[in-house]
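Below you'll find only one chain, the form predicted on its own, shown as structure tokens.
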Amino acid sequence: MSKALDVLETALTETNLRKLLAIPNYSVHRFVAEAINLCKPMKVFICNDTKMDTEYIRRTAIARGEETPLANPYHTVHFDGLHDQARDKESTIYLVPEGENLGEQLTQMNREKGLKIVQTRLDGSMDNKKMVVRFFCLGPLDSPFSIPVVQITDSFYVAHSEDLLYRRGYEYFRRLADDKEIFWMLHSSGKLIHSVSTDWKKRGVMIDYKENTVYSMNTQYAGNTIGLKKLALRLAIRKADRESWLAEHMFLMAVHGPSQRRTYFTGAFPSGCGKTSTSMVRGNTIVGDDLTYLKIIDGKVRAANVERGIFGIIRSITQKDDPVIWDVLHSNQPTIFSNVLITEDETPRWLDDGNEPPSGGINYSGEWFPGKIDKNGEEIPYAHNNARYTIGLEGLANLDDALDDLRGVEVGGIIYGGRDTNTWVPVQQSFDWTHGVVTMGASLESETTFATLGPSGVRKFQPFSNLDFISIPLGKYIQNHLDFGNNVKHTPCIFSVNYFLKDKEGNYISDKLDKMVWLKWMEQRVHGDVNAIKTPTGYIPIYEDLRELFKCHLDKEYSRNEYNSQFTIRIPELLEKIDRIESIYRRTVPDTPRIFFDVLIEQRSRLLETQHDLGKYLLPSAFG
């Protein structure tokens, strides 16, 4: 203790030292002292979550140029560097102790070698900069879901963003038990020019899961730097593995059914696939849009939102399609926009916002004008495809009152969805828990989007919409899901959805608003209010039930032709999918549970038999 205290007494002012030592946990003191020794900041600021401290962080983010004020005094904009606009999967590396292997899906490195790289890149990285130390809690405070997190960063934008996104935890840390497991996050933006990280070629995220520590270097994009988001998810998955619960990349929402009934659903969708928009569907209420912990409490599956805000993709948000988010973005609720365009009158614009394209402004490339091209001769759009907004949930008109329920909410259904142009129907229900885990969760595929670096539109294997974040061998992760369902008497129903199915001409055959009907149908299925048609891959809706739901909730006449087009069972494509999935698991996941292959083989047999008897492309009426 004396060594850490010596460092802290030297580096901290009396006020900041007093704030830190009010937290009586020696591990916290040691982590801060070690970060100071490594990063060598000019000054250290300890945030105690008072209004004065949190306002100081916001003001400093503006003063340093990390954020710029907009016409609305509650709004700011942040620009990431041209090469730092999305999560960098390739440079996110697990530090694996000698003798361990996490599987081929994960980029990994020998732990000792990786820690040497961390030491080299972070050594002196905060020279002439101020270090910010913040304390947060993942999940509701003082609940079975709570995980305390320490975030150290030299970016006031990161510290400000987390203030909107997470539950402040300074007072929680002051009463923290000495043996409570803590997640540790250390981030440095590295060398900056005009408040932008310039050493992006040395960008990296190193995950030392042995010590529950994540190091983030030479980057500012929030997905690489906000430790409590997907970085902490990787640590939480390992913790969940040890403790027999699930840490998931899922929204959490209440679908409102008949007689004021609320049924809670979680949903896993890769980024850019309708996850946030589903959780925000009109007439329902949201608990969270991105990260959920699921635990068995009193014999029931219960879930809590890890966060208290949204870091959402802003592209295509319009007043017509997304009225709740639109209203918040045009209100006085604190908001950080990132990588949008700022017009001359200091208002933000984003792609597909429902207005005429702007004539000029400032974006991530500097001064922007129509026809501006980059060094490769490619036209620069006025806002980035992956432009974002950061807000707290408290301003949402549809916020569910269970956000901070200490016991979470009981889960009625789990939804898996991705970008799939030719295979899955818009909505279907699995036969049971095991069938859903295998054929919907573990077999999820999705076309890539702009939310990660690399080409878009490529079909990728995305089990549970969590592949980028799974920090244990994939086969073990699947087995954990199977075991989790076996430990409760009544498991949640499992569904798949597909908003991106196309016809032969390449046109989408579902409307953006149709997801409301799919949600209402799933809610009724959870309670056994409607019957369904059994197909070789699961249960699909009956036409008359959907027609009634479309009329009731969208005031839309839903035709038999639309139904037949959307719910045609495409057997050749379904068989090809099974072949792809089975091949991936047999080649790359040696610890895949045997039951996984058994379920796929049974599904293939049903499809082949149906194809032999009835044909390749079947209308719902073919199944009775």
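Model, not experiment: these values are computed from the prediction. A residue's number is simply how far along the shown sequence it sits, counting from 1.
The form predicted together with sulfopyruvate (SPV) is left out here; the points below concern that form.
K.L.:
Since only the chain is shown here, I'm wondering whether R388 would be in contact with sulfopyruvate (SPV) in the model of the complex (any heavy atom pair within 4.5 Å).
P.N.:
Flag for R388 set to yes.
K.L.:
Test of understanding: in the model of the complex, would T76 fall inside 4.5 Å of sulfopyruvate (SPV) by heavy atoms?
P.N.:
Although sulfopyruvate (SPV) is absent here, T76 would stay clear of it in the model of the complex, with no heavy atoms inside 4.5 Å.
K.L.:
Applying a 4.5 Å heavy atom distance criterion, does D290 contact sulfopyruvate (SPV) in the model of the complex?
P.N.:
D290: yes, in contact with sulfopyruvate (SPV) in the model of the complex.
K.L.:
Is H160 near sulfopyruvate (SPV)? Define near as a heavy atom within 4.5 Å, in the model of the complex.
P.N.:
No.
K.L.:
With sulfopyruvate (SPV) left out here, work out from 340-348, 354-362, 115-123, 218-226 which stretch has heavy atoms within 4.5 Å of it in the model of the complex.
P.N.:
That would be 218-226.
K.L.:
Exactly one residue in H249, R134, K520, H187 has a non-hydrogen atom within 4.5 Å of sulfopyruvate (SPV) in the model of the complex; which is it?
P.N.:
Here the answer is residue option H249.
K.L.:
Looking at K239, K230, H481, R168, which has any heavy atom no more than 4.5 Å from sulfopyruvate (SPV) in the model of the complex?
P.N.:
After the contact test, the surviving option is K230.
K.L.:
Sulfopyruvate (SPV) is absent from this chain, but in the model of the complex, do R87, S271 and F311 each have a non-hydrogen atom within 4.5 Å of it?
P.N.:
All of them do, each having a heavy atom within 4.5 Å of the partner.
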